[in-house]
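Only one chain is included here, represented as structure tokens and corresponding to the form predicted on its own.
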Amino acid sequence: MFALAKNELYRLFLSPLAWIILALSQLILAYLFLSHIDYFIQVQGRLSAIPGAPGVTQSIAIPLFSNAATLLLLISPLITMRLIAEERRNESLPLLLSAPLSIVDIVLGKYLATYAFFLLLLLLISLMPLSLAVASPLDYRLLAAAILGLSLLLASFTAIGLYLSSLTKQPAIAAMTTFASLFLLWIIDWAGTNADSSGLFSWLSLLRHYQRLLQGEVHSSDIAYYLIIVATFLILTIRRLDSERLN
């Protein structure tokens, strides 16, 4: 499993797409980060006169993580679309399935490799607000909750993208269906705001659970939600490939 994950991660970095995504995401987020700093400097004088006013972490770091989540929702399908769809398109999937590896090892290997890439991206994002510690005190608990939230969100993105990539042999179709599914889960609570079942829609929303973590509220129910999402889509992927191996 780990050997496959290492090989998948190596293949990912051989692709120019991975480097382009790393560069563009850092460029966009760095611009937004500097914009938040500039705005905070402009309003700092007025905030200092307000008791309990938001500090550096709430005014700069948290908006950055909110922006990062939206950006990663857009780019994660581009990374996950090739995981299995490209294997099927290149007709190398039967060879992979016939290897002396269990389906669980194959799925977890591909999942861990992709998630490791996103964790690297998360590390680069986290270094931006952490750099503020040189000149200003930070709320490390709030920052840790935001990092935890984004890591769980990325774990869910990866699992959903991996499953949808296993359903087709066209990476472009996998990317589109992944984005559509993630976007639906992102805004699903908006559609149910006035409905009797709005509680269910709120619970299904990726955004609603993430927002609570951005506010520093770490609840076991939110963590369990993301773990359920990851486990569900990994199991679905395993069952999908297992049925294909049997056929």
Partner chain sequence: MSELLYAKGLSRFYGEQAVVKELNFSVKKGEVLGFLGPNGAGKSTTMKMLSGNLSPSQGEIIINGYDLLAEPKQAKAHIGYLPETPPLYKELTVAEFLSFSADINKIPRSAKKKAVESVIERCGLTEVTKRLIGNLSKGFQQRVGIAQAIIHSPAVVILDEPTSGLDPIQIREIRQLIRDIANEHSVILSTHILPEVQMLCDQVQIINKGQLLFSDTIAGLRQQMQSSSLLVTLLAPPDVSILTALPAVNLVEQISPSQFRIHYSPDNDPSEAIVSLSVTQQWQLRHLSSEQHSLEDVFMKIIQNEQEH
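This structure is a prediction, so every number in the text was calculated from the model and none was measured. Numbering follows the first chain given and starts at 1.
In what follows, reference is made to the form predicted in complex with the partner chain, a form of this protein that is not presented.
Query - Contacting member of Ser131, Ser92, Gln170, Ser136, with respect to the partner chain in the predicted complex [4.5 Å, heavy atom] - result: So the residue touching the partner chain in the predicted complex, by this definition, is Ser92.
Query raised in the report: Pick from Leu96, Leu122, Leu142, Leu78: which has a non-hydrogen atom within 4.5 Å of the partner chain in the predicted complex?
Result: Here the answer is residue option Leu96.
Report task. Would you please decide whether Arg240 lies within 4.5 angstroms of the partner chain in the predicted complex, comparing each non-hydrogen atom pair? Result -> Contact with the partner chain, no.
Query raised in the report: Closest heavy atom of Trp19 to the partner chain in the predicted complex, within 4.5 Å or not?
Result: The answer is no: Trp19 has no heavy atom within 4.5 Å of the partner chain.
**Report entry** the partner chain contact at Leu14 in the predicted complex, heavy atom, 4.5 Å
**Finding:** Yes, Leu14 sits close enough to the partner chain in the predicted complex that at least one of its heavy atoms falls within 4.5 Å.
Query raised in the report: Using heavy atoms and a 4.5 Å limit, would one call Leu101 a contact residue for the partner chain in the predicted complex?
Result: Yes.
Requested in this report: Counting only non-hydrogen atoms, choose the one of 84-92, 145-153, 162-170, 122-130 that falls within 4.5 Å of the partner chain in the predicted complex.
Outcome: The contacting stretch is 84-92.
Requested in this report: Quick one: name the residues from 1-29 with any non-hydrogen atom within 4.5 angstroms of the partner chain in the predicted complex.
Outcome: Heavy-atom contacts to the partner chain in the predicted complex: Ala3, Leu4, Lys6, Asn7, Tyr10, Arg11, Leu14.
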